[in-house]
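What follows is a pair of forms of the same protein chain, given separately as structure tokens and numbered structure 1 and structure 2.
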Structure 1
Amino acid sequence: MSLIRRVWTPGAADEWRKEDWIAIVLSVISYITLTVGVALSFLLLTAGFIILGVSIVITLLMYWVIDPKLRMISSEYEKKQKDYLKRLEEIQKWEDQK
């Protein structure tokens, strides 16, 4: 079994798995390196360009880890969305339920 799961079933994609946690950690590191990297790069500091490069790599890695799971969640959810919207409007029209 591979370290990062890339093929998802609808049921498994809906669960919280390690790929979610990996994406969250990478996302945080990406934001921090992006903030520091851009500021230092604007002053043409070498460290800035390196940190910015790290940020881009981490962002791509995050996308690679989480995108298959997000795609599966979205496609499955869209099939049910119409029914859920109907329920939402029923709650909104609460007088009918009284």
Structure 2
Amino acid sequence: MSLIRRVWTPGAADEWRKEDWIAIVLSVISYITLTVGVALSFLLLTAGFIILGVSIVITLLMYWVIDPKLRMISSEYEKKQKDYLKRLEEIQKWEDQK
């Protein structure tokens, strides 16, 4: 069993799991390091460029963790939306025939 789940079912993706908490923590760290890194980089400090590089790595890690789950939720939502619009169109056609 891997630490980070990469394959999701629609039901499992809709529930809160450890990947969500990992993404929350990484997003806060990413935001803070990005802000500090950009500010220090504008001052042309070496530490700023290093922190900026670390923030990019953390952001990519956050994306890697949460993206499969978000894609599954999005595809399931699109499927439901498509079915709903199809039903709505059938209802509309039926009412127009009256």
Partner chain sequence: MISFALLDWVWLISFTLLMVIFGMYFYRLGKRSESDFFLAGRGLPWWLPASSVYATHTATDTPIWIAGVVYKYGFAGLWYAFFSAWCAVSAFVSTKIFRRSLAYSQAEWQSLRFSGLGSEMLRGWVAGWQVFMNMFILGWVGIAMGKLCGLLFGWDLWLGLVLFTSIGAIYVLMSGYWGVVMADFQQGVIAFFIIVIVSIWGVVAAGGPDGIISKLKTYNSTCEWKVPAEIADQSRASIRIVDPETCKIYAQSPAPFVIQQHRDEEFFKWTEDRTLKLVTDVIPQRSQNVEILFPGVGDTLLAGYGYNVIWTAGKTGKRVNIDFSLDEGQTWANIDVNHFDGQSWRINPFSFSGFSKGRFPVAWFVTMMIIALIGGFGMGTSFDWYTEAQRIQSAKTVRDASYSIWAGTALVLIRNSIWAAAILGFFVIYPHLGRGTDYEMGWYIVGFKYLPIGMVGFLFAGILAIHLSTVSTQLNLGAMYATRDFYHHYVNPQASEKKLIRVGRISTFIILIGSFIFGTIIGEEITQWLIFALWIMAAGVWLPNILQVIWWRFNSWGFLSAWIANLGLSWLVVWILPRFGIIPELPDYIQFWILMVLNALIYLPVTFLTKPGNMDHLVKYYVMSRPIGFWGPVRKEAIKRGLLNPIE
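Whichever C-alpha set is largest while still superposing within 1.5 Å between the two forms counts as the rigid core. Counting starts at 1 with the first residue of structure 1 and goes up one by one along its sequence. Computed from a predicted model, the values in this text were never measured in an experiment.
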Original post:
Which one here is the form predicted alone?
Top reply: 2
**OP:** For I24, state whether the C-alpha moves by 2 Å or more between the two structures after rigid core superposition.
**Re:** no
Original post:
With the core lined up, does the C-alpha of T9 move 2 Å or more between the two structures?
Top reply: no
Original post:
After fitting the rigid core, is the C-alpha of Q81 off by 2 Å or more between the two structures?
Top reply: yes
